[in-house]
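One chain comes next, on its own, written as structure tokens: the form predicted alone.
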Amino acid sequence: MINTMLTISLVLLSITIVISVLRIILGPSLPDRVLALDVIGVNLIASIAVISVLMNTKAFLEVILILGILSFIGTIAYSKYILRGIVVERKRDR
């Protein structure tokens, strides 16, 4: 029973990822595309967690952690780019 529920959740997460890819391709604005990238990152993390539970292993926990950190940093970088037009600011006062 639990394996069926986890498999159905994997299918639904995959559908959400496909819809988010369509939003990236067809998105009318840059913030929509950034939000779709964030949704893909969260859904990938959830998919890996579900796969980890299905396989009854803890081997993917590091992958989940690294993907979460990269997704967070990517979202922050894109948000900063949207606000200021650059990602890394350099001070030239020296």
Partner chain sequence: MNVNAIGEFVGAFLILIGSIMSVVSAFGLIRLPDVYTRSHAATKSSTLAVLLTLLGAFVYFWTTAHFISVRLLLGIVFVFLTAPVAGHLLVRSAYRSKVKLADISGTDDLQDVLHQEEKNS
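Note that the structure is predicted; figures quoted are calculated from it, not measured. Positions refer to the first chain, counted from 1.
Quick note: we don't show the form predicted in complex with its partner chain, though the next part is all about it.
The closest heavy atom approach of L83 to its partner chain in the predicted complex falls within 4.5 Å. Using a 4.5 angstroms limit between non-hydrogen atoms, M5 touches its partner chain in the predicted complex. At a distance threshold of 4.5 angstroms between non-hydrogen atoms, M1 is in contact with its partner chain in the predicted complex.
Along 46-81, residues A46, A49, V50, S52, V53, N56, T57, K58, L61, E62, I64, L65, G68, I69, F72, T75, I76, S79 each place a heavy atom within 4.5 Å of its partner chain in the predicted complex.
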